[in-house]
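Shown below, as structure tokens, is a lone chain in the form predicted alone; questions about how it binds or moves come after it.
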Amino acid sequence: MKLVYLETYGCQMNVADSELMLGVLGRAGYEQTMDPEVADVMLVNTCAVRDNAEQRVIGRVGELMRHKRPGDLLGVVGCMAQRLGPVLLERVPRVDLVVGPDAYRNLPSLIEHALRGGRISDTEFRSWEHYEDVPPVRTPGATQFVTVQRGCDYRCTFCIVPYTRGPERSRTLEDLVRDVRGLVEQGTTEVTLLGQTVNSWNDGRHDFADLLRAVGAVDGIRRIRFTSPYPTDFTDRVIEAMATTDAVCEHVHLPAQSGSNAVLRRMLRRYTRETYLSVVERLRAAMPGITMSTDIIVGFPGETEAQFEETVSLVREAAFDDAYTFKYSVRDGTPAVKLPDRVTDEVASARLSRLIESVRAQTRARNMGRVGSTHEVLVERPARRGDMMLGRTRTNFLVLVDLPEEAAGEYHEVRLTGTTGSTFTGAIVAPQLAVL
């Protein structure tokens, strides 16, 4: 039995891809180990969205080299591998293998080639590849990721994803429903549907509204989440399906990126501030009580102080419950690299600090108003500190509850008793709720 050690960085899609790779390698006789010291093959699944993510990975690859014995293999896979390709082999001489997201099926043969002394890179795009016949190796649990779509056809000027994951393609509805049914048999009650622009999913015969209804009809599925959607792909059909499918959770992560129309045009986002806010309004009208989070980039080339203030005002007007905020990160190969009027790091950092302060104040105020309310919580895992368990509401709030570890996977009715500003504490109101 050959042992493989796999580290994962980046988004939920990378987590799902790591499960997929373990499935591919498991069929070839590999077994996963959590200890790089004993591994025959060490793989690092990488992110390329921001430069600091790549630098972190390069540093980690250097650390893993100390575990590499004669005959062992060290490989870099994923988006950073796709972006750099053979250049990565030159930059890090002790890396033996570079594999992009469309080449995971070939991992066993690529590893064998590399073990025979041939350092190799495979970053070919394969527009037909969905890995539908490869069962992922998932950690058992009540909540699981299901990849419904790979790649992206949008060409936002700041984004490297279309160049690391290729064109958009969707798995079939029938295959996805079969996948979800199999998860239910293993104890799953909540699924998160994954795609780069997940609500643009379309298999040629069905749209995302059909997918939500079909997954929601699977006996045993209690909750459906999805990420990340594109604002203008929330058609009336999709919003109606969200509102009328009981399993769809009352939370949407809705990337805005900016609140300035001028910046949105330079980003090549396919909506205006006004269009974005109309989507927010339509979602809230259809699903009262829905919560929303977003992504925002500050310091994009050409962003003026007035345009930044438009983003700050969007945060207030949209009344986000949370926001993931970033400084613009230069990505070689993207159109934004050629844009003039770069914002200095000093200015971008100052804007980011101000935006974070505004978001935190808004989140804290909104969450303080929720203390005392009662919610259904799915218990997920032990908290990182202390002896409490961490659960999640349908509206995506994290709640610390006093339950034993064996409660993972259970549903409880919980009253929110306090908040740190982002995370809540909760008290059990009702014992374990039956799974419908």
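These numbers were taken from a predicted model, which means no experiment stands behind them. Don't overthink the numbering: it's just position in the shown sequence, from 1.
One more form of this protein exists, namely the form predicted together with a small molecule; it is left out here, but the text below deals with it.
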Stretch in contact in the predicted complex with the small molecule, which is absent here, among 172-180, 352-360, 113-121, 154-162 (heavy atoms within 4.5 Å): 154-162
Give me the residue from L193, V76, M242, I297 that has a heavy atom within 4.5 Å of the small molecule in the predicted complex. I297
Only one of R366, R105, K327, R222 has a non-hydrogen atom within 4.5 angstroms of the small molecule in the predicted complex; which is it? K327
Tell me, yes or no, whether P255 is in contact with the small molecule in the predicted complex, where a contact means a heavy atom of each within 4.5 Å. yes
So, in the predicted complex, is V49 in contact with the small molecule at a 4.5 angstroms heavy atom limit? yes
With heavy atoms only and a cut-off of 4.5 Å, decide whether H251 touches the small molecule in the predicted complex. no
Contact flag, R150 vs the small molecule in the predicted complex, heavy atom cut 4.5 Å: no
